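Have a look below at one chain only, the form predicted alone, in structure tokens format.
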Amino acid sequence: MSERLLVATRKGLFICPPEGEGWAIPTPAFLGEPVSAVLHDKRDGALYAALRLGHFGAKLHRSEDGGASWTEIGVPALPKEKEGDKPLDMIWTLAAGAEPGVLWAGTLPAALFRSADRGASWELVRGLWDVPERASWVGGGYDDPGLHSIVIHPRDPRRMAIAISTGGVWLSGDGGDSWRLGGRGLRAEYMPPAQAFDPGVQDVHLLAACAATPEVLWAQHHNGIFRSTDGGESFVEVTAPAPSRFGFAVAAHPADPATAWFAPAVKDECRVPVAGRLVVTRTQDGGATLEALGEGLPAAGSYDLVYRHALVVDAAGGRLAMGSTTGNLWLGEAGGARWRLLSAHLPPIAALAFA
């Protein structure tokens, strides 16, 4: 165990150093403050933490020394173009770009921002903001639509895919200057039949790409699991995944495009594990079959829900980490075949990252 684990929670950011076969749980940075997103930038080692401070707004901090100290930096700002336009609620996801110093941020309400100076300043991506379809985006779990997934092609950074709850999957081939709807084949069973396959009404909860084969994207959708082999242009539904089609999180194997993990729950209005048994489901054959992995996880009486960014896999694809809304943190070994509880006393967990 050599990597740190970053644990973004409702009451601070835990930067957990390796300890034995797991991680130590230290006193958090930003104690008492909600951390909505975290990023380890592998290019220069910097850490980024986004705070959601309600009345005081969203904040963003950067650390150059592994979390020993933090500096507040710039934060995206939504334009106020007409009466009723809302200010930024939170930064929901952060991603490192390919060019030096470039960062991307997805926000609630839904917008995409680019920084060319490591977060010192941010520019709204007008190419996405100005698409006519934005007027029809609606909220999923939140009242407002939110942009939670940013996938950048590792070999061609001009190719990007983003996902919006609820506004579908959007693709760019020119570094974000222009956008078009992808997501053919996604199915929204909450819509009237004639609109169920409309790409613009799809509530994708999270997109995850296989790093070695980035044309393969996995989508945990509001009512199912889908897989794309063409970079998000089209998707095929994984039929009847047990024990449930509903969930928020998905982690894609970094080297094997046929393998991915999910954290199922009952459904949208009953966000608990099916029959109180917490499992992670795994496919190793491109979605043809899924197996429920529960060794080391609660077999009954569980109320854990795993949010979008709280199931992650390491760079080798063998170790996972998972955090829940009830503050439980697990280490998954052997590709998720065995799980071990690391802490049952953390605040609600929003996001995890290996660093």
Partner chain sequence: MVTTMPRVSFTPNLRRHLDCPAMDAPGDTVRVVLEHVFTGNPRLRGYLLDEHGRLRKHVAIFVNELPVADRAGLADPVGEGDDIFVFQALSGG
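Positions refer to the first chain, counted from 1. Only a predicted model underlies this, so the values are computations on that prediction, with no experimental measurement involved.
Here the subject shifts to the form predicted together with its partner chain, a form of this protein not shown in this document.
Q: Just give me the single entry in 126, 180, 86, 158 that has a non-hydrogen atom within 4.5 angstroms of its partner chain in the model of the complex.
A: Only one listed residue qualifies here, and that residue is 86.
Q: Among 299, 31, 68, 316, which has at least one heavy atom within 4.5 Å of its partner chain in the model of the complex?
A: Only one option qualifies, and that one is 31.
Q: If you check in the model of the complex, is residue 79 within 4.5 Å of its partner chain, heavy atoms only?
A: Heavy-atom contact with its partner chain at 4.5 Å: present for residue 79.
Q: With the partner left out here, check for me: in the model of the complex, does some heavy atom of residue 57 sit within 4.5 Å of its partner chain?
A: Yes, residue 57 is a contact residue.
Q: Since only the chain is shown here, I'm wondering whether residue 53 would be in contact with its partner chain in the model of the complex (any heavy atom pair within 4.5 Å).
A: Judged by the heavy-atom cut-off of 4.5 Å, residue 53 is in contact with its partner chain in the model of the complex.
Q: Is there a heavy atom of residue 10 no more than 4.5 Å from a heavy atom of its partner chain in the model of the complex?
A: Because a heavy atom of residue 10 falls inside 4.5 Å of its partner chain in the model of the complex, the answer is yes.
Q: If contact means a heavy atom within 4.5 Å, which one of 249-257, 194-202, 94-102, 70-78 is the stretch that engages its partner chain in the model of the complex?
A: It is 70-78 that comes within 4.5 Å of the partner.
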